[in-house]
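Below, in structure tokens: the form predicted alone, a single chain.
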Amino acid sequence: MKNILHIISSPRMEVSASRKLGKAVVEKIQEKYPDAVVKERDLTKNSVPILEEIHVNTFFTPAESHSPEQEEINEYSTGLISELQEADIIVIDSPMYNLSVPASLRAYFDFTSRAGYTFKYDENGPKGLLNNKKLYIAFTSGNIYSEGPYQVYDSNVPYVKNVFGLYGVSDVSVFRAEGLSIPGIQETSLEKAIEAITID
């Protein structure tokens, strides 16, 4: 049995292309693994706080020295991390907003990127602790960033890959629905991206 964690970051609902693409990825995984259990983490319905001093201080304070407020913060953060630890397969809907990921996804990474939990330091530097997991990125954008003159601005997918690389996740597949605002491309981009989904 596979445990799937589906992380959604678009604040748009029914019209969101990334939600549609991410959902299609999850459905394809379920076709391959019919007994899979899906857990959904919708970052727009359950917002992760923007990182503040109290959060950073909590993460760098030993648990035995936590105040009641810090205990609550730590419990929330480790709860998010436990979902990642328990997942065999992670699917992230990652639309490009202003040449980056949505703020909700960045906030999520701020609360899950913690030494001793998702990675650790040894004499060679950081080492990931979330090994043997599969990551699927469902990326959507109004422009085309995978190739051509705007490829230099493809900061979204590399960023998500780098974060999960820090966590120890190296098995990554990316499905892109690009050009969603470009006439002549936008009409079929999402459909083609969904048709191209393959689960390995």
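Predicted model only: the values in this text are computed from it and were never measured. Start at 1 and count along the sequence shown; that's the residue number.
From this point on, the text means the form predicted together with a small molecule, which you will not see here.
Colleague: Is it the case that residue 145, even though its partner is missing from this view, gets within 4.5 Å of the small molecule in the model of the complex, heavy atoms only?
Modeller: Flag for residue 145 set to yes.
Colleague: Is residue 129 a contact residue for the small molecule in the model of the complex, using a 4.5 Å heavy atom cut-off?
Modeller: Output for residue 129 is no: heavy atoms all beyond 4.5 Å of the small molecule.
Colleague: With the partner left out here, check for me: in the model of the complex, does some heavy atom of residue 103 sit within 4.5 Å of the small molecule?
Modeller: Heavy-atom contact with the small molecule at 4.5 Å: absent for residue 103.
Colleague: Would residue 19 count as touching the small molecule in the model of the complex under a 4.5 Å heavy atom rule?
Modeller: Judged by the heavy-atom cut-off of 4.5 Å, residue 19 is in contact with the small molecule in the model of the complex.
Colleague: Among 41 to 49, 136 to 144, 62 to 70, 163 to 171, which stretch sits within 4.5 Å of the small molecule in the model of the complex, heavy atoms only?
Modeller: Of the options, only 136 to 144 has residues within 4.5 Å of the partner.
Colleague: Pick from 107, 90, 96, 80: which has a non-hydrogen atom within 4.5 Å of the small molecule in the model of the complex?
Modeller: In short, 96.
Colleague: Taking 10, 15 and 180 together, does each of them reach the small molecule in the model of the complex with some heavy atom inside 4.5 Å?
Modeller: Result yes, every residue of the spot touches the small molecule.
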